[in-house]
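Before any questions on how it binds or moves, here is one chain, the form predicted on its own, in structure tokens.
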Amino acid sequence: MKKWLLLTIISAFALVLAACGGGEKEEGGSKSSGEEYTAENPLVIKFSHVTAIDSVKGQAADKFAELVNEKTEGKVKVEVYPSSQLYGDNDELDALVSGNVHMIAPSVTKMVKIDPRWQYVDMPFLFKDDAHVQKFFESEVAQSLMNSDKLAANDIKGMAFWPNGFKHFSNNKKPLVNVEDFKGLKFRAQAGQVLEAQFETLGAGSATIAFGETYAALQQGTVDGAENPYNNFDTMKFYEVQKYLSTSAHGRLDYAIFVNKSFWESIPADLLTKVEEALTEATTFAQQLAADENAKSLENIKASGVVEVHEMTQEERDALKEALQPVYEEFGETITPELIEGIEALQ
């Protein structure tokens, strides 16, 4: 009788513990169920980015929001804030860390604040073509950046790469054909010592200007030129304030999706699975869109009749590449030989 009573008490205590533990988070931090959320009371994910709605990033972000809504039946709502509506280049990363937004899609160079290796994207002529870039996105080399301890220490989780395209030089003074043509010009640049060194090596100056302020800087003559993929040049209407464009394809402007790690891992597991499925599909969409939109934008630029496009020959690119070798000598150790050689081996 005593044994039976003891077993009954133990069983009842176990049931109480199980009931109390029902609301605990599963391994990884996610709540077990999203039943508390409805289409009328959804879980909101704030997604901030700095480019125009019709840019590759803008369209991919909207596609992600659409897919999340479909897959979760409205239980999760992605609020997309384009064109620096909430935060600009200089403060969106801090906003993510503090939890004021939950997702950002910065140019990967912005991550230099946390890990200098992210400047790989600015190394001149590191990537051969789009196929080379795609192989990198899918490689263990890329995942070593996305899953770094430095990101985790800042409560950041890397999720996916979204391509934009190869960068090309533009300016308002003269055609850029030879290395000597860059001397004396001043270019808008993203923050980063690699880009500063790039322009200095070419005998040009540079100024760090937020992307959303670039049009005004070009219009007012604060800088003479910039470097952008065709789609950014087109959608931001830089053709209105730039006369010359050279198809240099010297560097990359790509984005990566980062989320606030604590927030992301608090999403109920059943909903998180669907949200991440949506992100995977949106990433595939972004990859195809980038190729299509850049080709279309180049045609738009040529058809504008106001921009003189110089199609650089391979010999001209090779001369530019050789002139920029000092950048590798200066930053090879910072970005690490492992990362640079790992990328080169993927060609």
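Because the structure is predicted, anything quoted here is derived from the model rather than measured. For every residue, the number given is its place in the sequence shown, counted from 1.
The protein also exists as the form predicted in complex with a small molecule; that form is not presented, and the subsequent description refers to it.
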property: Residue stretch of 174 to 182, 247 to 255, 68 to 76, 217 to 225 approaching the small molecule in the predicted bound form, non-hydrogen atom distance within 4.5 Å; result: 247 to 255
property: Sole residue of Phe187, Phe166, Trp118, Phe211 within 4.5 Å of the small molecule in the predicted bound form, by heavy atom; result: Phe211
property: Contact residue in the predicted bound form, from Gln242, Ser107, Gln198, Ser206 (heavy atom within 4.5 Å of the small molecule); result: Ser107
property: Distance check, Asn294 to the small molecule in the predicted bound form, heavy atom within 4.5 Å; result: no
property: Touches the small molecule in the predicted bound form: Val50 (any heavy atom, 4.5 Å); result: yes
property: Asn232 within 4.5 Å of the small molecule in the predicted bound form, heavy atoms; result: yes
